[in-house]
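First, one chain by itself in structure tokens, the form predicted on its own.
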């Protein structure tokens, strides 16, 4: 049975897609069958970050043309799989969450984890993706605007009784200009599962259209993604034993 983990953020630009890609690859390298899916249906960029923008079948075709979702699953050269979205403006008219939710059940047959790169903010897409999720990871940066928006997202999820399991703080720095981890946890009333340190090499990885942990496996940020992946696997195994 696949576990559906949705990556969400209160605002754009905090590293949500980067986290989805690197976490997916880390889980894959640890032996899991992983699909990274673009759930940002109005402004998708998963495929852009991986260097390809054309696919014969996308998640939008699943919702609009009744294509089987298996037809939208593609192997990435590094070992994980992706489900891309259509980046055309007209694709915004092709969103049908009822069909998407129905088709997602078929992914239980082909993956251990489905990492969903969600949309930022509190729109309808976010609400629908929450409904499909076994767990939600909230991505933020250590600045006031990002954390305030993360607070709104977490409160919204709690009111909807949705399973937010913790925070990933991207671009983390220990200096006088950033909010420290203790302050973040206290304000958001949520544990930090991973602190991804600021690293200028992320810009190089984005330019190269490659996951950071593939290009720089020995950097501290890569080790943080692997530690997060291990925590997810351990938590999943514990839960399965209890069922």
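Residue numbers count along the first chain shown, from 1. It should be emphasised that the depicted structure is a prediction, and the values quoted were computed from it without experimental measurement.
Heads up, the form predicted in complex with a small molecule isn't pictured, but that's what we're talking about next.
Chemist: In terms of non-hydrogen atoms within 4.5 angstroms, which of the given stretches 31 to 39, 179 to 187, 57 to 65, 198 to 206 touches the small molecule in the predicted complex?
Modeler: Contact-bearing stretch, as computed: 198 to 206.
Chemist: With the small molecule left out of view, choose which of 170, 146, 133, 126 has a non-hydrogen atom within 4.5 angstroms of it in the predicted complex.
Modeler: Looking at the other structure, the residue within range turns out to be 170.
Chemist: Quick one: does residue 232 come within 4.5 Å of the small molecule in the predicted complex, counting heavy atoms only?
Modeler: The answer is no: residue 232 has no heavy atom within 4.5 Å of the small molecule.
Chemist: Since only the chain is shown here, I'm wondering whether residue 17 would be in contact with the small molecule in the predicted complex (any heavy atom pair within 4.5 Å).
Modeler: Flag for residue 17 set to yes.
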